[in-house]
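The chain that follows stands alone, in the form predicted on its own, written as structure tokens.
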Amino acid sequence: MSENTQSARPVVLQMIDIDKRFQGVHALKKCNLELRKGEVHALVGENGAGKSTLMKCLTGIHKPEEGRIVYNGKEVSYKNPKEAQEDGISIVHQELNLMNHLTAAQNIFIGRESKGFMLNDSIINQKTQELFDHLKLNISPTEKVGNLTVGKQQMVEISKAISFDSSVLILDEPTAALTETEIRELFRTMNDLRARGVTMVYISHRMDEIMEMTDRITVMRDGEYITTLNTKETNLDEIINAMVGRTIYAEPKTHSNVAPDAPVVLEAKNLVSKDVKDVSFQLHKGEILGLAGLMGAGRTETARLIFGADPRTSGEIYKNGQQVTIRTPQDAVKAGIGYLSEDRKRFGLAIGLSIADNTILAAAEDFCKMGVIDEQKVRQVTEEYIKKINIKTPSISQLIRNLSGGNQQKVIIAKWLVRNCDVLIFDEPTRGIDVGAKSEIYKLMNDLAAEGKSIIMISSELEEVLRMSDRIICMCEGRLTKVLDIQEASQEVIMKYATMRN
């Protein structure tokens, strides 16, 4: 869309010189944002750039110390999100706020029962059906939300926001947990809303989606407004450079970095489970082995079999040429295998504990003397790994929950390095982290491989698979369909074998 067409759209909202501090931290410094009617406006920046804080100032969760918000020509200041919502500004958070035991209709209209007619389920079902028809959604108003896919749940949350006659809709990482089909459905709904004049703020780390869906892009860095770009007139390098203050190159790998005579450190033979069907492969010393495939291909399920997290029907696992018995994650850890889960907060970290506690978690016995933790040793080792892999934190006692996603990933990696694991399984290692942190994770993985660690990397991003892998295993419906050398791999070739049913 041209700049002239963009400029012709009326301005519906302005945030001018917004300032916000938290206990001495200057979170927002004179930040600006301008939204035009019917546009999809990306808000991008590294973790900690201030995106969420700015949106919380807009929706009444935080009160800015300085600055003005002008909405439809009038200066506004909301005390809480309900006030903003009633004025037509709604936010759909990444963590969905739905009640699984209630129906879609009940979730959409909950809290509005005082209007009298809403007490009747048949009426709210009818209202919800009209709303779903309006948005062209194939969801039953009477279906319990807990029975819906994450993508359908997201559509229910968006429908709830639209039911308030929202003219400004904020979508925070809306595709983080969606399948490709669900993403396409979301984009169709967004395009429909855009055509109806709804203005959307789109927060995402996925640059390809931003380039596809948005009209303009506002970039933030370290709590400051950097620039606003027209999507059709910019490119990825310019956006990323504005986000991180440096150019990050993401060129695909053109040749394997593994020595021809590198020994096999891990071998899986004929692995079978409910979701995995006779999978065999080898992993060499210093190799990054990519696992590619669509949702349901069996990649994570294969990794969980190797790590002993799921029961194995049959098959064998060899470590350095010797068969190993792995029935539990503890068995895998003893064999020198570490696992970075795609759900780091659920399976990888103790969110309520400190960096130090998490760093030694897998090797706690090495830090005990007669049942007492050697605090000096814990501090020494934790500080060593904070420095070694560049974990950004004010201290080793910082709670994990207060770190950015990228730094949380680094703590998990530190945990397995402290345990001295020589095989590392990275399941979606850059999911939900920004491009700057991604680049650091990539460098760390390459450094580990150069040091002789061996890595199995599962990723849904084909560009990431091609950038990082020495070899690529393609899977479809629980089966291994092809092993590709990096020289012969491309997105088209990978997709061919990722959709090949044997």
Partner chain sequence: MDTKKIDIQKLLAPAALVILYIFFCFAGKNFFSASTLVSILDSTYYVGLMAFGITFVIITSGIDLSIGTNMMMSALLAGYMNAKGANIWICLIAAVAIATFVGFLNGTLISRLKLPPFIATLGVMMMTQGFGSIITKVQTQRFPGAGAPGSEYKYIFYKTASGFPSGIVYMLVFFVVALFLLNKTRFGRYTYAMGSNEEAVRLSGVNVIQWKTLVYTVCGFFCGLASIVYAATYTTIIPGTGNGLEMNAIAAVVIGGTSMAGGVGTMSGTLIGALLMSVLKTGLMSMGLQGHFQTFFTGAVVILAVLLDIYRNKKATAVK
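Residue numbers count along the first chain shown, from 1. What you see is a predicted model, and the numbers here were worked out from it, not measured in a lab.
The form predicted together with the partner chain exists for this protein as well; it is not shown, and the discussion that follows is about that form.
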item	value
Listed residue that, although the partner chain is not shown, lies within 4.5 Å of it in the model of the complex (heavy atoms), from Leu361, Leu148, Val265, Met207	Leu361
Listed residue (Gly111, Pro260, Gly321, Gly371) with a non-hydrogen atom within 4.5 angstroms of the partner chain in the model of the complex	Gly371
Contact label in the model of the complex: Glu375 to the partner chain, heavy atom within 4.5 Å	yes
Contact label in the model of the complex: Gly348 to the partner chain, heavy atom within 4.5 Å	yes
Contact test in the model of the complex: Lys285 vs the partner chain, heavy atoms, 4.5 Å	no
Proximity of Phe426 to the partner chain in the model of the complex, heavy atoms at 4.5 Å	no
Contact at Pro329, Val333 and Trp416 by the partner chain in the model of the complex, all three, heavy atom at most 4.5 Å	yes
Segment that reaches the partner chain in the model of the complex - one of 75 to 83, 306 to 314, 161 to 169, 139 to 147, heavy atoms within 4.5 Å	306 to 314
Partner contacts in the model of the complex for 383 to 405 (non-hydrogen atom within 4.5 angstroms of the partner chain)	Arg401, Asn402
